[in-house]
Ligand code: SAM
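There is one chain below, alone, in structure tokens, taken in the form predicted alone.
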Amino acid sequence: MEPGLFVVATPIGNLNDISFRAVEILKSVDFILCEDTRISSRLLKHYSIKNELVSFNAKSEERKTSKIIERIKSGETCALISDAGTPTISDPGVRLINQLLKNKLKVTGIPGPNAAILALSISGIPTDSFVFEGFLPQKKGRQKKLKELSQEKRTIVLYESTYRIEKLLNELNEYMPERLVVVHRELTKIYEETWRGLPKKLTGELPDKNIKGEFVIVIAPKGWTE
């Protein structure tokens, strides 16, 4: 293998949702960068992958990037994975890849699962043009962003946490009450669920606020009707 970085997509829930190529690459590289070694260890153990695992998250990315570049320059190969899904999509790694490319080092993508694309594909909402916003600001700038998105003519895809899903639905009811919303919870996992309807309807449908998990929200284009 030529020295460089492999950006490897991993399952977002079901461990069987990984490509043969991804497993092969993870077994072949000299070391693997991951957000949380405890989470990634489960996947690697499942596929009997015993390569060196290096913690690489939003807090350590800037500090560790130069060392990783030096290792690759010395002839090593490296894989970047996230806790789930495709790396760098609302996850760390962009700075590292940018620096590798500036240093004319090879970066190769190994495609696979992505929660946003999966949610879009099963939403029944137009997918020919969409905007991905990831996680909205938690506090500062949140209302401004929601106001901007209320005028968006394309399909909108958001990520949201357990702690703010109720708040987000109430905000959508305020800023986009007429737009169809699809809420996906725990995609590909045991407790996968989907709710579909106008924001006001969804605020009453979600289980009584003890709902947990990872959420992907798909919002129909402005003016679109079923």
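In this text the structure is predicted, and so the values were computed from the model without any measurement. All residue numbers are counted from 1 along the displayed sequence.
Unshown form predicted in complex with this ligand; subsequent notes refer to it.
*Asks:* With the partner removed from view, which of 63-71, 170-178, 24-32, 153-161 is the stretch that lies within 4.5 Å of this ligand in the predicted complex, judged by heavy atom distances?
*Replies:* Selected stretch: 153-161.
*Asks:* Which one of Leu136, Ile89, Leu105, Ile97 is close to this ligand in the predicted complex, taking close to mean a heavy atom within 4.5 Å?
*Replies:* Spelling it out, the residue with a heavy atom inside the cut-off is Ile89.
*Asks:* State the residue from Leu149, Ala84, Ile125, Ala79 whose non-hydrogen atoms include one within 4.5 Å of this ligand in the predicted complex.
*Replies:* None of the other options qualify; the answer is Ala84.
*Asks:* Check Leu120 for me: does it contact this ligand in the predicted complex (non-hydrogen atoms, 4.5 angstroms)?
*Replies:* Leu120 lies outside the contact set for this ligand.
*Asks:* Decide whether Leu187 counts as a contact residue for this ligand in the predicted complex under a heavy atom distance cut-off of 4.5 Å.
*Replies:* Yes, Leu187 sits close enough to this ligand in the predicted complex that at least one of its heavy atoms falls within 4.5 Å.
*Asks:* Taking 4.5 angstroms as the cut-off for heavy atoms, does Glu214 touch this ligand in the predicted complex?
*Replies:* Glu214 belongs to the contact set for this ligand.
*Asks:* In the predicted complex, does Ile12 have a heavy atom within 4.5 Å of this ligand?
*Replies:* Taking the distances in the predicted complex, the answer for Ile12 is yes, it comes within 4.5 Å of this ligand.
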